[in-house]
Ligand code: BES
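What follows is a single chain, given as structure tokens, in the form predicted on its own.
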């Protein structure tokens, strides 16, 4: 479902955005009937509160939206977005002259609030349309929303319809939409072309593992996106309990997020050379499944002792990152639903990221605040390197002890990016556990909009 603004030349209803401090001044300029209506309906301009004001014939004359207080807005992203779901059918326009960044947040939130996942059950179509507010880049926001829709749809689709084969189809469709070149390495060919760990993790599934490779653009800085594409994770022989397996259709959230980001980059025609790599597998169980205490040799030549088959995401990323590292790149970015430890550390809203480059970290933090896509830097803490060195092999995929799980996973991945210093890793959740403004319960992108906004500073576009 495309998320789009209404045409600018149609009739529309004005929307007034009022803080609690603005409300009395606004009421002073209204007629007695309007003041009485507002009072009778208990409108106090709380954040997200809304009220349609009728004219003498009962039609909607205008709508007021509560903007709350500064403190309330700090606590809630896209606080006005629910208006897109709750207002009656019609076309609306923003009458209040908000600052440009707040107008952009309002407009993007309106688009994202219209998202529906309707593949398996009929969903009500969004009724309220918004004209693009003056001064925003409407085309850019529609492209960003389309990238987010792609990410959400991929994550929300169950593994019965989104296995490695279906993810490949979606990947090729995206490439075809933008005229990108692709290469897919499948099944036993992974061994022949030196992707042994991708093959090992995915070989037990009836749907063959594969590496998806896309290239787009021939000028400008080189940016490589690597996304974890574990389409379902049983945990392997270290099988997950039912409660932990319930959301594992989202374990390809890293792949879905980099595909959404790739759409944004290509649709905006950014002047860079983009590469997208996705190891697409299902971590299943049969007689060929890889085992605890196995030692696997990666593409980079590093050996890995398997101490938990449920720590498979870092394994498939290892081969893909090693492959990415074989070419010069101005920035390599990996995204993965990698560790529960990240959720314990920062919860579901924040996407922790890792980088050794202070300039990249600063650009990303500023961009995240601007576009309301929150991220938080965690450290590549060198003192913990010994935790991922088991002695019998170069690396341990699941260090014992239970401490610093997100950091040790990030350190593991960093071992496979040795030739390109500008490496950025995100340990995302990819799921909205309960509905919030502009983010219904279900799959959600994290970090993509922040990266998009920061790219000009990150790679000197």
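Remember, it's a predicted structure, so these values are computed and weren't measured experimentally. Residue numbers count along the first chain shown, from 1.
If you look for the form predicted together with the named molecule, you will not find it shown, but the lines that follow are about it.
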| item | value |
| --- | --- |
| Which of 242 to 250, 194 to 202, 107 to 115, 323 to 331 sits within 4.5 Å of the named molecule in the predicted bound form, heavy atom basis | 242 to 250 |
| Any non-hydrogen atom of residue 310 within 4.5 angstroms of the named molecule in the predicted bound form | yes |
| Residue contact check: residue 341 to the named molecule in the predicted bound form, 4.5 Å heavy atom | yes |
| Non-hydrogen atom contact residue 38 with the named molecule in the predicted bound form at 4.5 angstroms | no |
| The named molecule contact in the predicted bound form: residue 429, any heavy atom under 4.5 Å | yes |
| Partner-contacting position among 210, 314, 263, 152 - heavy atom within 4.5 Å of the named molecule in the predicted bound form | 314 |
| Answer option from 53, 404, 398, 436, heavy atom within 4.5 Å of the named molecule in the predicted bound form | 398 |
